[in-house]
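Quick setup: one chain, the form predicted alone, written in C-alpha cells, and binding and motion questions come after.
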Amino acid sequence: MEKLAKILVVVLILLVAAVPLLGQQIIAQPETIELRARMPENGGWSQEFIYGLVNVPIKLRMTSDDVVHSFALAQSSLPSVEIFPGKFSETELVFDQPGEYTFYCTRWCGANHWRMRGTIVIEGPASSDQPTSVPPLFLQLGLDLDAPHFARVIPSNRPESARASERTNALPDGLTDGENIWSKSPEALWKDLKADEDLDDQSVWDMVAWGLNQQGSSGWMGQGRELYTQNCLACHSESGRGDGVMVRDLPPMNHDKMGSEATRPPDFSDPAVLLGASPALLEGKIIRGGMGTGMPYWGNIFTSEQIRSLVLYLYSFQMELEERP
C-alpha cells in the first residue's frame, strides 16, 4: 500500500507539472475554421465574418461547393490559395494588429464575382508601431469623382516616354513634382508645359508621358498589368474598351443618366476619357467604385502601391510608357 501511495503521489506531481505545458500547447494550436466557397448566387462564402485575436494563428480549411474559387487576403503579399470542388485547401493566417481585414475570391465565378468578399475581425492590443493613415489625394483635393472629365486637347500621335527621356537634361522642373503630376490630368499638365516650353505639341505630350512614367515604383508595369488582368479585364476588356464579357449586355455609359441604371465601364481606348482624368481621380474611382457602372470598390483590397501601379497601367492604353531603370 505504501508503495502504491508513493506511486500515486509521483503521478499526481507529474500531472500537476504537465497541465500548464499541455495548456500552452493547446493554446498554441491554431483554431481550424472550415470555409466553403460558393458562387455569389448560391450564397458566396459560408462565413461572412471570421473572428480572431492578435498574434493567434487562424487555420482555414477551405473547399468549393460548385466551381473553382480562390482565397486571397486584401492588402497583403500572401499568395492566393486555389479552392477546388470536392477538395480541401489549407492556409494559416496570423495578424499582428487589431482591425478588420478583407478576404476575397480572385477567380471570376460569375457576374457577381466581386461580391465574394468577407471580413476577418481581429481583436487585441495594438502595437506602438502601428502606421498612421493618410487620406488619399482625391479626398485632399475634394475631387468630384462623378463629374465628366473629357479632354479637349488630343495628341495627333501616341505619346512616348522614351522620346522624352532622350532629352532628360532639358526636362522642366514641373515633371519632377510627383504631387503636381498626380493631381493634374495629362491634358492639364500638357497645357502647363506648353505655356512654358518652346516645343512642338507632340514633344510636350511625350514629356507628359515621361512625367507619368516616373511615378511608378520598380516593377509597376508588371504589377499593374497583373492586377488589371485578374480584377478588371472581365468588365473593361483586354483592349480597355469597356466591353468585357461580364458587361456586354449592358448599355454604354451615359453621363446624363449616371446612377439611374447599370452601364458599361468607360472606353479607355478613347483618348478624351483618359487624358482628361488626373491620376488622383482614377485613384479615387478605384478606391470608391460605383460611378453608375456597378464597379466594386477596391480601396480595402489593394495597397496604395498596387492602386498606383494600376492607375499608371490604365494610361498605357493611350501612351507608350516604360518602367524606369
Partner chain sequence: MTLPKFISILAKPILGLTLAVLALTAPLSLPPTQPVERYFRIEASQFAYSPGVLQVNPGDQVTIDLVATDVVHGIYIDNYELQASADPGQTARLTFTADQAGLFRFRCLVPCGQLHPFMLGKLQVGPNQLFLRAVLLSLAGLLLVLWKKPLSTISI
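Keep in mind that this is a model prediction, so the values were computed, not measured. Positions refer to the first chain, counted from 1.
One more form of this protein exists, namely the form predicted in complex with the partner chain; it is left out here, but the text below deals with it.
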| field | Candidate stretches 143-151, 186-194, 240-248, 201-209 - the one whose heavy atoms come within 4.5 Å of the partner chain in the model of the complex | value | 240-248
| Which of 138, 108, 220, 95 has a heavy atom within 4.5 Å of the partner chain in the model of the complex? | 108
| said: Exactly one residue in 72, 175, 233, 122 has a non-hydrogen atom within 4.5 Å of the partner chain in the model of the complex; which is it? | reply: 233
| task | Please check if residue 180 has a heavy atom lying within 4.5 Å of any heavy atom of the partner chain in the model of the complex. | result | no
| message | Given that the partner chain is not shown alongside this chain, does residue 67 nevertheless sit within 4.5 Å of it in the model of the complex, heavy atom to heavy atom? | response | yes
| At the 4.5 Å heavy atom threshold, is residue 35 in contact with the partner chain in the model of the complex? | no
| Interface membership of residue 229, the partner chain in the model of the complex, 4.5 Å heavy atom rule | yes
